[in-house]
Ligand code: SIN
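Coming up is one lone chain in structure tokens, specifically the form predicted on its own.
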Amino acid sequence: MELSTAQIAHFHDRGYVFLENVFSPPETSLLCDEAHRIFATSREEVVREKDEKTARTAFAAHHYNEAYRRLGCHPRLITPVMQLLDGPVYMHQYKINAKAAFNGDVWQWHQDYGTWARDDLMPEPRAMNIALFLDDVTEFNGALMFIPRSHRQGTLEAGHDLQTTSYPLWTISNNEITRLVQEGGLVSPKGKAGSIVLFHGNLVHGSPSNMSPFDRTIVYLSLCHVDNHIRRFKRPEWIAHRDFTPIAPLADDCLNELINVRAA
């Protein structure tokens, strides 16, 4: 799958592009079921909310789950990012964010590249996210919020928030968010399971807590141009990967074998 000229222009102008119905219901059902199996484990890669019970995020699932290994090489995810980053990419980070019904906590306003630069010494913002919705995302269950064109502001000043949630984050001040929203507004991509959103590493984003009875599970692949790999290795390898091998996309039907096994 490749992006059109118009989609590429939208990404560069606004910092993101949203595409609906990219993955089929059987594909998303398989991945969602596997995500909940992972959330139920006691692996160190599964970070819990402050209640120490509810899964917040599961890192590096491609290292220990076959469905997520294949998804991490899926051409519908890898090919459009290679277009936007103009070359081969490696997996910098891979996570499944749970945002569980009733208990999924806030993700504060931040830029992902701000973390990659400060913590991992990634040289340039030649890295980005591509996210796959595994549940329907609505206005009720903690949808992502973007500040369009905020990626044009460069890497903004941020503070290291170690208190608000169970996961530390480099966050942007309320005054700066107010300024950015006054200039760029707010958008919130919502849609059916199987939709994807690609967004720039410097796009300011966040999400509110999930007070609804509906889960909001999203898989994030953070992909980086291989020439732009990180230089510092202070975070665990399962958070900031150190294998800079270019990803070779698999066949488009690479999940079908697993779907068929489950159906048998």
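Since the structure is predicted, the reported quantities are computational estimates derived from the model, not experimental observations. Counting begins at 1, following the sequence as shown.
Heads up, the form predicted in complex with succinic acid (SIN) isn't pictured, but that's what we're talking about next.
Asker: Succinic acid (SIN) isn't shown here, but in the model of the complex which of His110, Arg126, Arg76, Lys190 has a heavy atom within 4.5 Å of it?
Answerer: Selected residue: His110.
Asker: Just give me the single entry in Ile147, Leu144, Leu132, Met122 that has a non-hydrogen atom within 4.5 angstroms of succinic acid (SIN) in the model of the complex.
Answerer: Of Ile147, Leu144, Leu132, Met122, the residue with a heavy atom within 4.5 Å of succinic acid (SIN) in the model of the complex is Leu144.
Asker: Heavy atom to heavy atom, is Asn97 within 4.5 Å of succinic acid (SIN) in the model of the complex?
Answerer: Yes, contact at 4.5 Å.
Asker: Counting only non-hydrogen atoms and a 4.5 angstroms cut-off, does Trp238 reach succinic acid (SIN) in the model of the complex?
Answerer: Contact check for Trp238: no, nothing within 4.5 Å of succinic acid (SIN) in the model of the complex.
Asker: Although the partner isn't part of this model, could you tell me whether Phe39 comes within 4.5 Å of succinic acid (SIN) in the model of the complex, counting any heavy atom of the residue?
Answerer: Close contact is absent here: in the model of the complex, Phe39 is far from succinic acid (SIN), nothing within 4.5 Å, heavy atoms only.
Asker: Taking succinic acid (SIN) as it sits in the model of the complex, is Ser207 in contact with it (heavy atom to heavy atom, 4.5 Å or less)?
Answerer: Ser207 belongs to the contact set for succinic acid (SIN).
Asker: So which stretch, 27 to 35, 45 to 53, 214 to 222, 228 to 236, is the one near succinic acid (SIN) in the model of the complex (non-hydrogen atoms, 4.5 Å)?
Answerer: Single hit among the candidates: 214 to 222.
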